[in-house]
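Only one chain is shown below, in structure tokens, and it's the form predicted alone.
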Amino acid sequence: MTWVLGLSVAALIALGAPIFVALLSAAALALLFFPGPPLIALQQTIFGGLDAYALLSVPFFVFAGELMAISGIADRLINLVRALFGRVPGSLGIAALGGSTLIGTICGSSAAAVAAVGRNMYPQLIENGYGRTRAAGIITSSGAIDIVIPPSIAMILYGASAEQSIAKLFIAGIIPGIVMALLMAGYISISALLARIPREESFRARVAWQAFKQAFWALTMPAFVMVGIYAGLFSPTEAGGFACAYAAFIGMVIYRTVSFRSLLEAAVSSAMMTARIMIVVAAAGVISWVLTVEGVPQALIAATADAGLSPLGFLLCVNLLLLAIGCVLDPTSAILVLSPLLVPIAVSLGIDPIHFGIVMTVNLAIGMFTPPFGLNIFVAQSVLGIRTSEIYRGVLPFIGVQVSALALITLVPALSLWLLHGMS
């Protein structure tokens, strides 16, 4: 049955079937042609997989992200970063990176960050001498940090599937996300200096203060959400509801860039996005249930023990596996399908499941811009209007930078766990 499941999913995805169709069809075939649970268990498991309180936060954060996207927040955040970095080499590229990272603290959507930053920054990067390939690489790769910086929908799904605290995952993702951003900023600065890209105007306190005032309300939203979660004032699900109300207030009352009509359009768009996520959650839950019934996780644990893999050796194998899978599957599908299989093995080897969740998320973040099928590549191609081959060349150096960050995060669990230990 396990082989039928794996081969059926791979074949259907290769034929272009949607992920949820591939997962549900493979599960149905396994239940239909092999002795075991009755076929009626399929529909029971589909609905049972969605019966998780933590999943209620997904539509909230998706809606909050949509509201912030139509509020003109991206422009304000990018202007703030530009004002702060002044004449630092590569300051314009760092502004694109910083704007994308700050957007990640609001909505946690990698594709949304690529689209928002790309429309704003790509023409300016070209005018400043970055070239199409380099500019496309910066924009496409920067968006990947958004699924590591909290709040992160990928972490919510990992927490739900691996039965881990979402609040702890959010805390654990802060330092790794910053490490990824700093390494990318360092590379952008050094490469811009070597390429003799013109610098921008020097830092001016008055300009920076004006930019900060314009971005203030946008910056307070993630601050309120994170402090509220960490202080125990509300759960991540309740924080998502607060984020929606706060985003609507900022857009409609403070900035006055969101009308009632656009609010409804954002709600419809969020509902569609939530439906696409939840149908994958339901389908992946069926696959996980079938594999669990067949004893696959237990068999994998036994095989790992027999192979004598050390925790570091296992993490290395997982990194190689996820880097390959990440450029084919989106993070949602990969996390939901693989977490029930890999987390028990990690725990049996003494690996902290929170640290393991961060390692999984960083891997799949890199996959978001890894050729040939990284999702961010196609979003960037649509927004920027350039050839995919140019984007491929642009992202290659950043894959190396982010793999270095992944190695550091994997080898030093304290980067993920230090804030948790400090708060305990």
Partner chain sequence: MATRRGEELMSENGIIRAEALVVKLVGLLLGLGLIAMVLVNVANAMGRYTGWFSLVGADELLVYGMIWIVMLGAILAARNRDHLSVNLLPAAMNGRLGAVIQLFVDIATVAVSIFIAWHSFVFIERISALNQTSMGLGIPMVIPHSAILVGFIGIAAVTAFLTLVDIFRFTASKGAAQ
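For the two forms, the rigid core is made up of the largest set of C-alpha atoms that agree within 1.5 Å on superposition. Keep in mind that this is a model prediction, so the values were computed, not measured. Numbering follows the first chain given and starts at 1.
Beyond the structure shown, there is the form predicted together with the partner chain, which is absent from this document and is the topic of what follows.
Not one of Gly186, Ala208 and Thr220 is positioned with any heavy atom within 4.5 Å of the partner chain in the model of the complex. Although the partner is absent here, Ile13 lies within 4.5 Å of the partner chain in the model of the complex, judged by heavy atoms. Taking non-hydrogen atoms only, Val268 approaches the partner chain to within 4.5 angstroms in the model of the complex. Contact annotation: Phe63 falls within 4.5 Å of the partner chain in the model of the complex, judged by heavy atom distances. Contact annotation for Asp352: none of its heavy atoms lies within 4.5 Å of the partner chain in the model of the complex. Contact with the partner chain in the model of the complex, defined as a heavy atom within 4.5 Å, holds for exactly one of Leu194, Ala299, Ala307, Leu233, namely Leu233. Heavy atoms within 4.5 Å of the partner chain in the model of the complex map, among the stretches 125 to 133, 91 to 99, 299 to 307, 274 to 282, onto 274 to 282 alone. Contacts with the partner chain in the model of the complex, taken as any heavy atom within 4.5 Å, map within 227 to 263 to Ala231, Gly232, Leu233, Phe234, Ser235, Glu238, Gly241, Phe242, Cys244, Ala245, Leu263. Annotation for Ala239: C-alpha shift of 2 angstroms or more between this form and the one not shown, rigid core superposed. Comparing the forms between this form and the one not shown, the C-alpha position of Leu396 differs by less than 2 angstroms, with the core used for superposition. Relative to the superposed core, Leu67 shifts its CA atom by 2 Å or more between this form and the one not shown. In the model of the complex, the CA atoms of Ile279 and Thr370 sit closer together than in the displayed form, by at least 3 angstroms. Compared with the form shown here, the C-alpha atoms of Ala247 and Ser152 sit at least 3 Å farther apart in the model of the complex.
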